[in-house]
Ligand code: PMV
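Before any questions on binding or motion, here is one chain by itself as structure tokens, the form predicted on its own.
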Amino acid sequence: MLKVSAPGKCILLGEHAVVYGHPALAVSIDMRLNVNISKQKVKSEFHVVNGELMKSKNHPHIINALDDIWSNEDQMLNINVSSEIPPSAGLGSSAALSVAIATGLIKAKNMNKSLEDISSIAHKFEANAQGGLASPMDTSTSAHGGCILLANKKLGENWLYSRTLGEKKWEIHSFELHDEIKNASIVIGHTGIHGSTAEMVLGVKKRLEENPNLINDIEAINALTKRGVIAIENGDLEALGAVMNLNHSHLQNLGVSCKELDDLVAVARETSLGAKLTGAGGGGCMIALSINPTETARDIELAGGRSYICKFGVEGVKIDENSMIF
């Protein structure tokens, strides 16, 4: 049996401004997706996923990985996927799957690949599954863990590598979390509402065309993201929380929040250092930076959200067990 796990992620700062060329900051969270791979014991013409014959409609990321990496028609696999990451919540569940399955198959083939290679391969799987469009933020964060900054230009000595997809190009950076930051938790509040990223992005674009002054909110989010990086490096929890609060206000101005998100953010702020929506908005999740996570989670639940307490900046993809010879 080969067991691999990869973390989910949340966007700490910078969503929507990243669409307009500004940086965005993501952190890995200790919700993990697990992939177990083993050889089928009987002769078969098909791979099996979670006990059923694999179907391209249901398993596009796994199909892409097998076609790209495995290419071994003589050895069909049993693949089992389990996850702590809520799907369709903006927490990187599909990226974690892409990273974990890529890592597992690469290990099974005894290939020598770096984390940069794995994140690049997984990014390709994400793009293929999403019709050619995918940012490398989720897959880079899941592969490397820690704190990842996505930008359109190199920003100092924390630069890791460049990533391209078609005509798009991104610069990936990695930041160490200060010990003081590691002592805090991210409390996630899930509204239970599915928000469409494409619709939210198009909505911001339309509102900017109708009201060009909203570009000031985009620029403000850019400045706040940079201040957030400094707070993370300095271990300044209060500054990071304040930046998160301000970031949410600008996202509200851009029209991507909703009553359910605002309600959860408001109650979470009573017991946390700062709170904001995370991801595209219109539903999905909010996050709170808290040193009282149990209390913050309780208040989110009482306000109607589903809460998750997470450590953040955790280890990226890893092999948890490797007892199978392929």
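Residue numbers run from 1 along the displayed sequence. Note that the coordinates shown come from a computational prediction; the quantities given were computed from them, not determined experimentally.
Here the subject shifts to the form predicted together with this ligand, a form of this protein not shown in this document.
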### Message
Contact with this ligand in the model of the complex for T197, defined as at least one heavy atom pair within 4.5 Å: yes or no?
### Response
yes
### Message
Taking this ligand as it sits in the model of the complex, is G90 near enough to touch it, meaning that at least one heavy atom pair lies within 4.5 angstroms?
### Response
yes
### Query
Is G279 close enough to this ligand in the model of the complex to count, meaning some heavy atom within 4.5 Å?
yes
### Message
in the model of the complex, is there a heavy atom of this ligand that lies within 4.5 Å of any heavy atom of L12, even though the partner is absent here?
### Response
no
### Task
Go through V201, M76, A127, L214 and name the one with a heavy atom inside 4.5 Å of this ligand in the model of the complex.
V201
### Query
Which of these residues, I309, A303, V19, V314, gets a heavy atom within 4.5 Å of this ligand in the model of the complex?
V19
### Message
Within 4.5 angstroms, counting heavy atoms, which one of the listed stretches 60-68, 279-287, 44-52, 264-272 is next to this ligand in the model of the complex?
### Response
279-287
